[in-house]
Ligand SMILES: Cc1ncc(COP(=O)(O)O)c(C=O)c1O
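Below you'll find only one chain, the form predicted on its own, shown as C-alpha cells.
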C-alpha cells in the first residue's frame, strides 16, 4: 500500500494515482481551499480502499461542516489560477534567495541544485508554492528577520492567497527537541515560506528589506 500526501503539489501539478499510488491525501484546508477559512481533508483512490475509509468515518462520526464544504468548493474554483501564480513566484523567490549572501541554503525542488530535482521534473508539472531556506545566524537571526516582513503573515498555515511564513522550530516541529530536529536535518534557522498570490517583486523587496536587519 502506497499512500501519498499530495497537499503541496495539488492535483494541478502532480497526480500520484497515475504514478502507481494506492491512496492520495490532501489537507483541503491548504491549497485546495486557498483562503485559510475552512477545515477539511480529501482521500482519493480505488473504490475498495475508499469504501473502507468511508465506513471508518461512519463509525467515528466525523463529517464536514456545511459551511466548510461550501468554502472549500468555492476556493477550488480558482485553484488552477492560484497554483500557477504561486508556483511561478516560488521558483523566482527560490532563485533570488539562492544568490543572497545571508542565506545558507534554499530547499525547493524546482532548483537544479536540489538533490531530487530530476525526479520532481519527471513526474510533476511544476514544483509547488512552498519553499524553505536557512538564514545565517540561526534562530537569533530569524527572530529579528521575520517580524520585519511586511507582506508575509507569520502563521503555521500554508497554501492560502496570502504569503505565510514561519520557522519549523515553533510551528511544524515545535514538539521535537533540538537534537531531534538536528537528526532530521532541520536547522534552527530554517524558515518555511508559502507563497501567496501577491506581486512577486513586492515579495522579493519585502524579503530584501527584512534581511538587511540582520546583515
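Positions refer to the first chain, counted from 1. Computed from a predicted structure; not experimentally measured.
What comes next is about the form predicted in complex with the named molecule, which is not displayed.
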Would residue 181 show up as a contact with the named molecule in the predicted complex if we use heavy atoms at 4.5 Å? no
Answer for residue 5 alone: is it within 4.5 Å of the named molecule in the predicted complex, judged on heavy atom distances? yes
Since only the chain is shown here, I'm wondering whether residue 163 would be in contact with the named molecule in the predicted complex (any heavy atom pair within 4.5 Å). no
Give a yes or no for residue 190: in the predicted complex, does one of its heavy atoms lie within 4.5 Å of a heavy atom belonging to the named molecule? no
Of the listed stretches (26 to 34, 173 to 181, 145 to 153, 57 to 65), which one has a non-hydrogen atom within 4.5 Å of the named molecule in the predicted complex? 26 to 34
Would you give me the residues of 33 to 50 that have any heavy atom within 4.5 Å of the named molecule in the predicted complex, in order from first to last? 40
